[in-house]
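Just the one chain here, laid out as structure tokens, in the form predicted alone.
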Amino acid sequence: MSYPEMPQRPWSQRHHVRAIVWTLVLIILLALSSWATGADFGMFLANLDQFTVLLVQMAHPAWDYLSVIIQPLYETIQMAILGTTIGAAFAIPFSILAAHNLVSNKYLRGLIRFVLDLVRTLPDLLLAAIFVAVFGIGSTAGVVTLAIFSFGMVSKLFYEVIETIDMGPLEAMKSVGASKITIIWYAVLPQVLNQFVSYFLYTLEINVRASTVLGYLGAGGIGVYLQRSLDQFNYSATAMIILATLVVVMVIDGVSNHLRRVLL
């Protein structure tokens, strides 16, 4: 009695040639990138003990510094909430106009996407520097910067979600003569509401962290105190600022998870 011959894997698969080749290519590219940029990994390893020194100094946070940073931390949260809300509010109509399954005019859709790409191209630090020069030092510049950053980021996430919706409800409402606004309100938004909330809270979390950096440029918030503590080598105060920001981010993440469960 003869048995069918077992199929044999090619030599390249048996010896994982493709994986080895890709690994070697990545290593070569990494080495070439390090050489082109002048990155000195030897210096990094030689100064690795400085990280240990900083961690030891930051291992004892200045708890009494919490009373000093409560107000600027509250201002940072306000900046993040305002900036994210304003940016997301403007992002909703632009994301609808950028979705190919809702807008058939490719020229209008292309123009909207070009504007969104342009907004995302501008770094938030550059925006902060511009608006500090326009509005002066303070939280106004930070709010406007975060609003524009949120607008560009949320718009892209929103229209990508809209393009994945089920078109059945839209076709059903079109067949009974519903207007475009009615279709969007009753057939589009209910399908993407959960993702909208999730992306909004994710952007809010990013903006809380980003607003601490914007303070370096005078855009208000807790970043001013972070810069001051680092300039004074007061790493215990720096650790307190990092811990306070971490608590805020964790709270936002908890709220985000809870809302996702509720909306599901």
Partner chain sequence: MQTTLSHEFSPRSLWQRWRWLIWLVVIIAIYSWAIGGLQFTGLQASAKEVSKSIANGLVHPDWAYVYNGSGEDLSTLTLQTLAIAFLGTIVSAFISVPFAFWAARTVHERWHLRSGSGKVMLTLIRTFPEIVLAIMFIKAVGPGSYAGVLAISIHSIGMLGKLFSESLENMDRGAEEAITSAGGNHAQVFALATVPTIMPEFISYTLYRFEIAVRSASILGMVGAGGIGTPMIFAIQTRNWPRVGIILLGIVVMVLLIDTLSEQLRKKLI
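Computed from a predicted structure; not experimentally measured. Just so we're on the same page, rigid core means the largest C-alpha set that superposes within 1.5 Å between forms. Positions refer to the first chain, counted from 1.
The same protein has a further form, the form predicted in complex with the partner chain, not shown here; the description that follows concerns it.
Think of it this way: in the predicted bound form, the partner chain has a heavy atom of just one of 111, 126, 103, 89 within 4.5 Å, and the residue is 126.
Although the partner is absent here, residue 217 sits close enough that one of its heavy atoms falls within 4.5 Å of the partner chain in the predicted bound form. Among residues of the shown chain, residue 146 is not one whose heavy atoms approach the partner chain to within 4.5 Å in the predicted bound form. Contact check for residue 198: every heavy atom lies farther than 4.5 Å from the partner chain in the predicted bound form. The closest heavy atom approach of residue 242 to the partner chain in the predicted bound form falls within 4.5 Å.
Contact annotation for 123-157: residues with any non-hydrogen atom within 4.5 angstroms of the partner chain in the predicted bound form are 123, 124, 125, 126, 129, 130, 133, 134, 135, 136, 137, 139, 140, 143, listed in sequence order.
Annotation: Cα of residue 237 displaced by at least 2 Å between this form and the one not shown, core superposition. Once you line up the core between this form and the one not shown, the Cα of residue 39 ends up 2 Å or more from where it was. With the core held fixed, residue 198 shows a CA shift below 2 Å between this form and the one not shown.
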